[in-house]
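Below sits a lone chain in structure tokens, taken as the form predicted on its own.
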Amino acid sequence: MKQKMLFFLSGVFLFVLVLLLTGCQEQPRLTFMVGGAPNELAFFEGLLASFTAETGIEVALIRQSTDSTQRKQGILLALRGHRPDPDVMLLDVAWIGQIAASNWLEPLESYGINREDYFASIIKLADTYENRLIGLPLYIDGGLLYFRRDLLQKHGFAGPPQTWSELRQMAEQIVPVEREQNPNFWGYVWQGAQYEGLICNTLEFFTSAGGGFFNGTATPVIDQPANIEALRYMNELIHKQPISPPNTFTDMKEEEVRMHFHNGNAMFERNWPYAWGLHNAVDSPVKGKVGIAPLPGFMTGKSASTLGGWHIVMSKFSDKKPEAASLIKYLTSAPVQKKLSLKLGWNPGRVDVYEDEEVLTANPALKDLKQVFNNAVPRPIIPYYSNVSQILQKHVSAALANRATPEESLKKAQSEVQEMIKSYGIR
């Protein structure tokens, strides 16, 4: 009996030992969290398979939806729980400040990542927090000006406007003539409805006037004179010798703006780069008639473009940090960035890809977009940005709707933002 018991215990010990040894040999897979359309997710699956073939590092793709709000919630849930997965993820540029301020992102300097390969202003303004590199741009977006190249030539203009006053002058000359054939024709369509897109447009107007939302990261300067003058100009586009539609501040979001221009009903359009391919589709009424340029400024050379897009980061709680860094370097490498541009139409985060002949042949607009992205300005990289945006949306919209003057609107916004910041315990 005693021998049987010893034999049984020996068997149990060997079984447990095998389990332990097997467990030690198993390495947790690297995880990459990304959302998007089915074709985008399928393309990333292929990229990860190629990465594994080159490095031997297994990567599991954590799929997210196309809805950005849901994507943000999923990321915050993992980071708040200090979970080891995901190791690597994509963040909307507007989320970086909140997540970096929570100390949830791993600084990248010590992993041999060269920041010189990217747009210097974007790295400085969007991917650096407290002097630490905490992300890299994988896909860049920015506001730009679409214009009817054929109509500029028809009416004797050599090129698109460089200043807002030039845009107004061109529109005031062209619109009355074009309305003889098309009563629905307007001079300039832009995102003026009360939502985040309004703040993107507002930042561009304010910055190109020499203003902005914050001085640094904790001092709001919303009611400064430059901003007031810019907001007055925005109001006048709709109400004084109007060149923008009267429903600008009620209805105009990205697709409403795009369709208005797309159907031949506008001279100028402010939108994101995604509209370029749609305007030049085979069945587009404006195919071959559209040009793109940096948005005007209140002075020549003072263009500003609100930065959008997705940035790749590493979780502070990753249990595979060296491997995660390898994946980040792979996905931001020139060959992969080229593939993302050619296959998905993404605007590269790397500067050198904008000089690639094959990429420029496939998408000639990138040559102009490079200039736009050099003028890119991120929304404030602060943990309470969403609160600031809500306050600004309310008061800028009031000024556009003539419910308050620009001075009154920005004074109230300044006061409310200051009070909100105090609630965070920041002086």
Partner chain sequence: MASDNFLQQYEKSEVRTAWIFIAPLLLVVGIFVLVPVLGTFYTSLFLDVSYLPEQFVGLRNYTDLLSSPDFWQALRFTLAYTVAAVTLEAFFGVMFALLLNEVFPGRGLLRVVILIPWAIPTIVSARTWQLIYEYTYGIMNYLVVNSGLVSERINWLGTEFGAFSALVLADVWKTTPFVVLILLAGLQAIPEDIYQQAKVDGAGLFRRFYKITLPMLMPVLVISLIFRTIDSLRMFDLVYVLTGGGPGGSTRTLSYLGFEAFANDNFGMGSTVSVVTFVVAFAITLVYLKAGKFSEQLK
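Residue numbers count along the first chain shown, from 1. No experiment lies behind these values; they were computed from the predicted model shown. Between two forms, the rigid core is defined as the largest C-alpha subset superposing within 1.5 Å.
If you look for the form predicted together with its partner chain, you will not find it shown, but the lines that follow are about it.
Contact between Ala101 and its partner chain in the predicted bound form is found at the 4.5 Å heavy atom cutoff. Under a 4.5 angstroms non-hydrogen atom cutoff, its partner chain in the predicted bound form lacks Asn201 among its neighbouring residues. Using a 4.5 Å cutoff between non-hydrogen atoms, Thr69 counts as a contact of its partner chain in the predicted bound form. Residue contact check for Arg403: one or more of its heavy atoms lie within 4.5 Å of its partner chain in the predicted bound form. The contact residue chosen from Lys394, Lys367, Arg63, Arg29 relative to its partner chain in the predicted bound form is Lys394, the criterion being a non-hydrogen atom within 4.5 angstroms.
None of Pro225, Pro246, Pro84, Gly291 but one reaches within 4.5 angstroms of its partner chain in the predicted bound form through a heavy atom, and that residue is Pro246. Comment: 101-109 is the region of 298-306, 204-212, 228-236, 101-109 lying near its partner chain in the predicted bound form, near meaning a non-hydrogen atom within 4.5 Å.
Taking the partner from elsewhere, every residue among Asn184, His260 and Tyr384 has a non-hydrogen atom within 4.5 angstroms of its partner chain in the predicted bound form.
Annotation: Cα of Pro242 displaced by at least 2 Å between this form and the one not shown, core superposition.
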